[in-house]
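Only one chain is shown below, in structure tokens, and it's the form predicted alone.
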């Protein structure tokens, strides 16, 4: 089977979205990675849970926990998802992290087991090593001959290193590539011979006096040394699911953008597993077990739990982190009650980390971090009343009031959120407790039916 992979590049410009956990940048552990700091990397409190997560993180990095499951159990708004996000951020961008909700698998057009299989394979990375030939040097001169009739362009590129200089003939594709990167004489560039891709490395130090030819953000580099043509090892990481999709669709890697993945045949996955195993034997690839985070895991049923139980025993299995806020409850699809709604045979193979409600100081610290993340200036008294709301209602509700109170403050042309803005927001937007009380109150003139 001929297997295809597509290297992925991540570049996001001008994007500044604030999500519920966008302030989380890690687990907030010390240099050894085992002792949690009270407040660090967006994490506050939950010291025991974060310490346990630090142990899990170390085991993941050492490859000792693949194929195992972790359950984070605790009341709502106690940082369960934040801990999972902290693990993800600490692992780095090369390690796959997939998050799904327990109820998500029921709303898809594919079967439950197929949805879970895809989630599992999205969470397993394949780090592929490839050797490619590149041309790397400093541009001495670019000559482009434009046809009078507007036909094919031709040109010559003179490029050098500290040891040699060569002239290359240019075709239309290479000319367009150089023009796209805005390459001029004095730029250090890299050209991939296989794809013809041009990458600008920077401006040569020898041209540092050409003030008119550079901007404030110009990067200066030394002129490359040695041979112009050299072999370079390129490493890119893709998930097993990406390889599945590419090789199961007639349109190849374009299937990744179509959105309609559908069912993938078991034969395709078996052939891919065999090919990846062959790459591992040859030293061309290595498996990177990632993390699959399943929120609201109690929403899964007995069939889904049975699948997870078996999938954890597979040779290619990620680390599964599950979260729930349920105690003793019925396992869906059965009449049996069990801890956290998980069947007993699955509970036996998982390790459980518990989270606990935040105290007032921790709530205040979290709200301060959220306000900074949302670029909102809170008056000390406004922060105090939000903290009290967080204690009496919920942390999420108090955090939501930050943005709405800021809009109310902006309407009265103030840059600081005052107590009055919080109170106004509190009266406009109800928490769950007050909403239930409001709907439960008998209305005047309402007819009562017996």
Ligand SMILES: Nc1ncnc2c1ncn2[C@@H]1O[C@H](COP(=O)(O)OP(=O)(O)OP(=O)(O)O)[C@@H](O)[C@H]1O
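Numbering follows the first chain given and starts at 1. These numbers were taken from a predicted model, which means no experiment stands behind them.
Keep in mind that the form predicted in complex with the ligand is missing from the display, and what follows is about it.
The single option of 202, 75, 196, 171 touching the ligand in the predicted complex, heavy atom within 4.5 Å: By the 4.5 Å heavy-atom cutoff, the listed residue in contact is 75.
Option touching the ligand, based on a heavy atom within 4.5 Å in the predicted complex, out of 378, 366, 292, 240: Selected option: 366.
query: Residues in which of 419-427, 406-414, 388-396, 54-62 have heavy atoms within 4.5 Å of the ligand in the predicted complex?
result: Heavy-atom contact with the partner occurs in 388-396.
message: Please determine whether residue 80 contacts the ligand in the predicted complex, using a 4.5 Å cut-off between heavy atoms.
response: Although the ligand is absent here, residue 80 would touch it in the predicted complex, with heavy atoms inside 4.5 Å.
- prompt: With the partner left out of view, is residue 263 within 4.5 angstroms of the ligand in the predicted complex by any non-hydrogen atom?
  reply: Residue 263 lies outside the contact set for the ligand.
query: in the predicted complex, does residue 28 have a heavy atom within 4.5 Å of the ligand?
result: No, residue 28 is distant from the partner.
field: Close approach of residue 97 to the ligand in the predicted complex, 4.5 Å, heavy atom
entry: Residue 97 lies outside the contact set for the ligand.
message: Between the ligand and 87, 91 and 373, in the predicted complex, does every residue show a non-hydrogen atom at 4.5 Å or closer?
response: Not a single listed residue reaches the ligand in the predicted complex, so no.
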